[in-house]
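In the block that follows, a single chain appears as structure tokens, in the form predicted on its own.
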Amino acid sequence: MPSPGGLVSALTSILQNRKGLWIGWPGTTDHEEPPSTYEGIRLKAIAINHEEYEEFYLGFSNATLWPLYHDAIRSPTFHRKWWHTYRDVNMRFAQAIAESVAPGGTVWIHDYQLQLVPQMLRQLRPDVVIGFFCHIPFPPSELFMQLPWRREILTGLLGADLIGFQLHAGASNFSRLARKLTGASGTDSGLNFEGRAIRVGAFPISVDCDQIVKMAADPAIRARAREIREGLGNPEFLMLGVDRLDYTKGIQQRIKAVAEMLADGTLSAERQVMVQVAVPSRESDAHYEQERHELERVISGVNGDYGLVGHPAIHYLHKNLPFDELIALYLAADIMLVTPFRDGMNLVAKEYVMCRSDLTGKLILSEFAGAAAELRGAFMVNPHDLDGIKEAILLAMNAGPKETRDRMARMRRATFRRDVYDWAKGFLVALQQTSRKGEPAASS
């Protein structure tokens, strides 16, 4: 069954309306037969064995592309064998799509694991309309040029009619690299390649605003939020971090900033409480297991130094939480800390904002998260700057009611302007316009 979330909800709605087919990996290397339908949508599973999982997913996708596309915060690893498996798995997806899509049909391919599929599919089925969306940042030339298979990746993406990114910077990075390395011509928003016109644009993803607002107004969830605060001793301020456990999220840096504030007496473990949720991620990867142990070592040290009996300095959860529990945490928190070193968008920031219908709550946001382009009412920080994070926490704590309302109202307006359904429909409308005109449309 697909995992829950705004993206899944939006795509489910579109696929139901269009009688679509969802093709994907079921998330396991076991041979158990996955379901063939989900909420009336046909499903087609692509099998990946254990060795392919190690080389395609953990290897090339997440030890080569993921760090490279996230500012090389960790050094990417380049293995030819991983690349060969990545190419093979992409071809398997392309063949499955080619066998399944109707004549002249529309195909929407998602994310960095499948960047070769557009061109492979184009060769197999030149009649279909192909869109591609990259959910993570697309790197500048200085980083992307490190990739030994840089030209193959760019050519793979150029098989699409529309290539979408979270931000205009990502679209520009791609277009400039394509012109430099593949012989494509054109502008940042429209390319010509092998006699075809390709549109390139920014389509920032969002959340299911109405669902979150409705859940945040639910009396049971609001009661749970009060219960959370009471269980934490009704602190003056509750700070919250909710992140997938990943080295790009800047969790340790934020914990260290809080630790320094506890050390100098700016914060008190009794009066200002922090909760950090680290959602398990890629647990079979030794690097991520090491990341978990290092984070837990740092948190344990902070609690040992500054916690009191019954009042740990950092309340830490390493688990998946139901969405209603997350909403309750968002409602309970006075300050939300979203401080990734680099993030394509970061929907946690938008979820928090949509919960605050009473215009309370303060968001501290990394300027390197894609969401920073829209959520201008946040207290912006450079996540590499410990002093800057500490200053932002102080500013947020001391912000008066009017400033808080004004900032939150501004962020809510920006988020309401385009929810996840608008994002999905907008991309597909742009895709159809691009394919009909045969030339790049105006930039999104």
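Everything quoted here is computed from the prediction, not taken from an experiment. In this text, residue numbers run from 1 along the sequence as written.
Only in words, not in the display: the form predicted in complex with ligand GDG, which the text now covers.
Engineer: 219-227, 86-94, 320-328, 286-294: which one contacts ligand GDG in the predicted complex at 4.5 Å, heavy atom to heavy atom?
Structural biologist: Of the options, only 320-328 has residues within 4.5 Å of the partner.
Engineer: Can all three of Ile136, Gln166 and Asp343 be found with a heavy atom no more than 4.5 Å from ligand GDG in the predicted complex?
Structural biologist: All of them do, each having a heavy atom within 4.5 Å of the partner.
Engineer: With the cut-off set at 4.5 Å between non-hydrogen atoms, does Trp66 touch ligand GDG in the predicted complex?
Structural biologist: Trp66 belongs to the contact set for ligand GDG.
Engineer: Does Arg244 reach ligand GDG in the predicted complex, with heavy atoms at most 4.5 Å apart?
Structural biologist: Looking in the predicted complex, residue contacts with ligand GDG include Arg244, since a heavy atom lies within 4.5 Å.
Engineer: Find out whether any non-hydrogen atom of Glu351 is located within 4.5 angstroms of ligand GDG in the predicted complex, and reply yes or no.
Structural biologist: Yes - in the predicted complex, heavy atoms of Glu351 and ligand GDG come within 4.5 Å of each other.
Engineer: Is there a heavy atom of Leu147 no more than 4.5 Å from a heavy atom of ligand GDG in the predicted complex?
Structural biologist: Output for Leu147 is no: heavy atoms all beyond 4.5 Å of ligand GDG.
Engineer: Just one of Leu347, Ala184, Val129, Ala269 has a heavy atom within 4.5 Å of ligand GDG in the predicted complex. Which one?
Structural biologist: Here the answer is residue option Leu347.
Engineer: Counting any non-hydrogen atom inside 4.5 Å, which residue from Val279, Ala98, Leu232, Leu262 sits next to ligand GDG in the predicted complex?
Structural biologist: Contact with ligand GDG in the predicted complex is made by Val279 alone.
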